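This document starts with one chain, in the form predicted alone, laid out as structure tokens.
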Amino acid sequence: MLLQIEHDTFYRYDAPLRYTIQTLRLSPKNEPMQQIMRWRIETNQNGFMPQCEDSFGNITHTLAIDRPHDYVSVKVSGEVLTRDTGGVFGFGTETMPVAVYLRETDLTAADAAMTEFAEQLRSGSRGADLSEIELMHRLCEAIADTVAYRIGETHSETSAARAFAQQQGVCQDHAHIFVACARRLGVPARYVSGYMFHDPHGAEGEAAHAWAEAYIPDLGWVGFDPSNRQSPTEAYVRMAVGLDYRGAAPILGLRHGGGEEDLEVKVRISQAHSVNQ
């Protein structure tokens, strides 16, 4: 599937800023399930924006603006050719030991209720232990059954434990809960940010998408999306990975000055019919 993506992020401030620095994880890589046909990042401020690869292997740009400004605009556009791999990313070219992805963070720490929830999934219908891939599929379904998808009930700093206790959240919360529970079951897991195409009319959305990946020894990394009760298909574009949202956030930064901030995000994904070279 050839997907065309436009992602606009606009920050407005009620007073001038003196300095802004942002880490942008807005550039996908060529992976087993996707080929980047074209990709472009533009900002209105023409700030210094070097590119590098972070410790998780994500392409990152650092946007630094050191002159007075009262708004920042980041526009992403491109085309990605995707294919369905059954959710299997594989082994890739990992720069981190797999064991790193067993480490909890404050956003993915599992409390007693989550640990009990995860442990109850371990046995099959006949009492035998499930394989790791079966266990992860069962975890994905159980999260979807337990934590309702509700917009506006959580935010970017809501922990997995808080969302699980509320039994509601969005894709970020589902991914955090999956990661936290998988790690408690001894399965390395990580947070994934990206996009998902689901509207054939290419309607604008308010945000990108998030899911999780678990490491299965015979398969490598395999994706699980509790929000949609499935593994990633050709409708997904994979952008960045991390221990949690903070490590894979599309935009994360600091500013000096500016007063109150107003953020507007628009994402448009459509199916293209020919490759623009």
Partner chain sequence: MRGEAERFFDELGAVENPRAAYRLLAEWLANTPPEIFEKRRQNAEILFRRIGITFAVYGDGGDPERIIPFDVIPRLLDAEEWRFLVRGLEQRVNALNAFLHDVYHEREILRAGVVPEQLVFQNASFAPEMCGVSVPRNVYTQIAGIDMVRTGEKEFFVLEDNVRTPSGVSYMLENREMMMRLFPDLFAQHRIAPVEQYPEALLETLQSVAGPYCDGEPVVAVLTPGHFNSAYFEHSFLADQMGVELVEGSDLFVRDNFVFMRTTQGPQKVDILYRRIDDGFLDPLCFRPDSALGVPGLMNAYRAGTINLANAVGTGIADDKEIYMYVPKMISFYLGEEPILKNVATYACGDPDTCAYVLENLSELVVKEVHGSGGYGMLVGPASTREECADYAERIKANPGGFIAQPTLSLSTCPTFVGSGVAPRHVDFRPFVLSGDRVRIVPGGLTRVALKEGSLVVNSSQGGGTKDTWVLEASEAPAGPADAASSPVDTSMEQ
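Positions refer to the first chain, counted from 1. Computed from a prediction, not measured in an experiment: that's the story for all the values here.
Separately, the form predicted together with the partner chain exists; it is not shown, and the next lines address it.
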Task: Heavy atom distance at most 4.5 Å to the partner chain in the model of the complex, all of S55, T62 and D66 - done: yes
Task: Stretch from 141-149, 158-166, 80-88, 99-107 whose residues place a heavy atom within 4.5 Å of the partner chain in the model of the complex - done: 99-107
TODO: Flag R40 as yes or no: does it have a non-hydrogen atom within 4.5 angstroms of any non-hydrogen atom of the partner chain in the model of the complex?
DONE: no
- [ ] Indicate whether the partner chain has at least one heavy atom within 4.5 Å of a heavy atom of V267 in the model of the complex.
- [x] no
Open item on the list: Does any part of A15 reach within 4.5 Å of the partner chain in the model of the complex? Heavy atoms only, please.
Closed with: no
Task: Interface membership of R246, the partner chain in the model of the complex, 4.5 Å heavy atom rule - done: yes
Task: Residue among S123, S131, T95, T115 with a heavy atom within 4.5 Å of the partner chain in the model of the complex - done: T95
